[in-house]
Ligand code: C5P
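Single chain ahead, written as structure tokens, the form predicted on its own.
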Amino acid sequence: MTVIALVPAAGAGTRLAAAQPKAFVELAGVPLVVRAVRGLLESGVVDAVVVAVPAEAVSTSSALLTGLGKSVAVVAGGADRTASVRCALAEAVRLHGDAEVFLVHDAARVLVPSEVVRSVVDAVRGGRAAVVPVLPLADTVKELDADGRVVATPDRATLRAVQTPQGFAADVLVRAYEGVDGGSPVTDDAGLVEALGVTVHTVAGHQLAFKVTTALDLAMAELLLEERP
């Protein structure tokens, strides 16, 4: 099965407080998006990657990312994550009409172990239409109302934190995005698939698959890289 990864990387990353789009912030001298794409390719199960970047950064990004191999394509993303995934998906369909599996991966999850990527792909290849890596929650979660008052305490034993890459049978993801009306941005692609009535399955995630969102996350990622052999 041909596996194509889509990487939305056009966000501003305001919580990181950087002077450039978050995906291009460097981690130990290498932009986050380069590390993310390299990790996907090094998993050994991803055939090609399509990255959606800010329109003004397409040329420089192409020079940066195509150095990883001819299997990496760069397109202009949209105003939000949802639009960027749609742009990458459209380009992936155009370039790889035979694709059978699509992955959607956050450019800011740069330390995802290869075994997580392989687990997701293996599950889709095994017949699952949608697969997400997850971790149990360590903290208690409270549900609040509009005024910030606690209205419920869900049982955390039934809750999971969702990571990426999320994997989908190609036709399922295409169908899910055909139904997007351009309203509120979607932060979880599996949620779109759930709305189709398709069952989403899970595989074990990994603590290293955290998302670099704040300066603290970036510092932690740098420390973890230093500790690697």
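Position 1 is the first residue in the sequence shown; the rest follow in order. Nothing here was measured: the structure is a model prediction, and the numbers come from that model.
Below, we turn to the form predicted in complex with this ligand, even though it does not appear here.
For a residue to qualify, one of its non-hydrogen atoms must sit within 4.5 Å of this ligand in the predicted bound form; all three of Ala9, Ser84 and Lys211 qualify. Remark: of stretches 135 to 143, 101 to 109, 120 to 128, 153 to 161, the one touching this ligand in the predicted bound form is 101 to 109 (heavy atom within 4.5 Å). The closest heavy atom approach of Asp80 to this ligand in the predicted bound form falls within 4.5 Å.
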